Each structure stands twice: as structure tokens, then as C-alpha cells.
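As C-alpha cells, one chain now follows by itself in the form predicted alone.
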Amino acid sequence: MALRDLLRRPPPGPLADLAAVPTWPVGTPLAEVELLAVDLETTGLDARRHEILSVGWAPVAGAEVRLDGAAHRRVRPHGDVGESAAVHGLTDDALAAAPPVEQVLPELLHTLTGPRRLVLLAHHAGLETAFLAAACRRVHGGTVKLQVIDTVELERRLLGSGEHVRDGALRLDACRARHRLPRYRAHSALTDALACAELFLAQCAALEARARRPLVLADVLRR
């Protein structure tokens, strides 16, 4: 698991500040939980050798996406963007004046730090948690445990175990289409974070209707 378990003694700084606040009890009504939808654009899919190029995030609380807290930060990589530019359009020239991850990561960690640690929300969350964990180790010397919600996992639950999942059916735009959400341009970190947040709210409505009761955090946490 990427932003995984533990860092027993984080070095002083934003990571230690985040580690010092408690996580949410899993029985907390979901309407009371604060989440942060996060999306990354990267030079590839391997967190051990690829780099973060942009970060988008948007708070979710009280069944609302808080646009006033949304943010998008470009990140200047140490290497070049390579062929990944064809996916997200972020070129070496476009990122030349952007801050490095050493400056962007502390802001994201600070945003995750509230009275309780915000729950990380992402589509295919394994990618975000792996890259953020790698960045935390490199920049701050450790990681911190986060509660994570993956909208891909929620969509699998809604489809049911007996449902054949065709190729591409769990992509963000395909999941949104099933919930009758509008189509957005993909591979912009902020747009994808907002799209993930909206998808999550639609999935919660469907899960709540199925459960016939208000959801609690444990109902949606990644298993």
C-alpha cells in the first residue's frame, strides 16, 4: 500500500503535523466526514521511477464538493516528461517555471491536515497513494497512514460480482456516464479530481438507496 502504514516518528514538518492529527472513526456518519479528492498527472505509472507533473485536489464535505478549496499545482520534474506529454499535454517547456515537488507536497499535506486527517478520495487510488508515498519518503523521509476511498472499488461494488466488467468500463468517464454525469476533458489533474468527487457523491446516493440507511465511513473505505 502506498501512503501506507506507518511512520512511527515522522521528522518535524508537514508530514509530522499530519501524523499528529487523528483519523476518522470508521463508524462516523459519512455526511460528517471531510475528504479530499486528489488526482495526479505523472510521467508514467511506476512510482519507483516516474515523477509527479501536476496535482489537483478538491475538498468534499457534507455531500458537497467545496470548489473554494480546490487547487491545481504544476510540478517541475527532475527529469524530462518524455512521451507522457502526449497523454496530459504537460511539456518540459510548460513545466520549466513550475515549483518542484519539494514545494508542492507540503501544501498538499497541509490541506490534508484538519482537526482530523482528511480522507483521501481518488479514482484508481493505488496510483495516487503510491506516488504520494514515494514523494513523502523522498521529501520528508517517511510516510503517514491515510484512510482511502477508491471510486473504482465503489463502482465494482455497484456493478456486482456477477456483472462482467468490459475493458474500459471502470475508467473515470465510463463510470460517470453510468451515473449520468457530464463528460469532462480527461487528464487535467484538477478536472479529474472534481470529476472523481462528483462521481463519489453519485455513488454514495446509489449505495445509500441500496442499503436503505445513511452511510458511515466504513461503508466506503477501501478494503
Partner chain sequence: MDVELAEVRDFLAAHPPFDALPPEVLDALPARCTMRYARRGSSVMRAGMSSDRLYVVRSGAVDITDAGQLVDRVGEGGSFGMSAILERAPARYDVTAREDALLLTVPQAEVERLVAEHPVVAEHFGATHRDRIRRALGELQQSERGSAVFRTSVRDLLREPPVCAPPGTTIAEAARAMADGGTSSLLVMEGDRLVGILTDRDLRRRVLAVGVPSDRPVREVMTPDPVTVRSEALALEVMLEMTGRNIHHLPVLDPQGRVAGLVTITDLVRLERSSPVYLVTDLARQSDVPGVVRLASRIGRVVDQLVTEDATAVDIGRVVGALADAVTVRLLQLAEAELGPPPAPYVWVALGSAAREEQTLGGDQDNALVLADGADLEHPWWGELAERVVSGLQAVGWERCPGEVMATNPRWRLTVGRWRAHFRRWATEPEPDAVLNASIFYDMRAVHGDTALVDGLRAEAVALGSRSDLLLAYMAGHAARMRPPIGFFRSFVLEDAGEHHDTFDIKLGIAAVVQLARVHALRAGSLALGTTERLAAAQGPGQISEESARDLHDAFELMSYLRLRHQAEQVRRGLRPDNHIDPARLGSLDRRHLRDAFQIVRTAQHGLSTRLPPVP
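Numbering follows the first chain given and starts at 1. Only a predicted model underlies this, so the values are computations on that prediction, with no experimental measurement involved.
Although it is not shown, the form predicted in complex with the partner chain is what the next lines describe.
**Student:** In the predicted bound form, which of 28-36, 43-51, 166-174, 188-196 comes within 4.5 Å of the partner chain (heavy atoms)?
**Tutor:** Going by heavy atoms within 4.5 Å, the stretch is 188-196.
**Student:** Although the partner isn't part of this model, could you tell me whether residue 160 comes within 4.5 Å of the partner chain in the predicted bound form, counting any heavy atom of the residue?
**Tutor:** Heavy-atom contact with the partner chain at 4.5 Å: absent for residue 160.
**Student:** Does residue 202 make contact with the partner chain in the predicted bound form, using a 4.5 Å heavy atom cut-off?
**Tutor:** Yes, residue 202 lies within 4.5 Å of the partner chain in the predicted bound form.
**Student:** If you check in the predicted bound form, is residue 215 within 4.5 Å of the partner chain, heavy atoms only?
**Tutor:** Residue-level check for residue 215: no, no contact with the partner chain.
**Student:** Is there a heavy atom of residue 209 lying 4.5 Å or less from a heavy atom of the partner chain in the predicted bound form?
**Tutor:** Heavy-atom contact with the partner chain at 4.5 Å: present for residue 209.
**Student:** Please identify the residue among 137, 124, 116, 72 with any heavy atom within 4.5 Å of the partner chain in the predicted bound form.
**Tutor:** So the residue touching the partner chain in the predicted bound form, by this definition, is 72.
**Student:** What residues in 169-186 sit within 4.5 Å of the partner chain in the predicted bound form, counting heavy atoms only?
**Tutor:** Read in sequence order, the residues that approach the partner chain (within 4.5 Å, in the predicted bound form) are 179, 180, 181, 182, 184, 185, 186.
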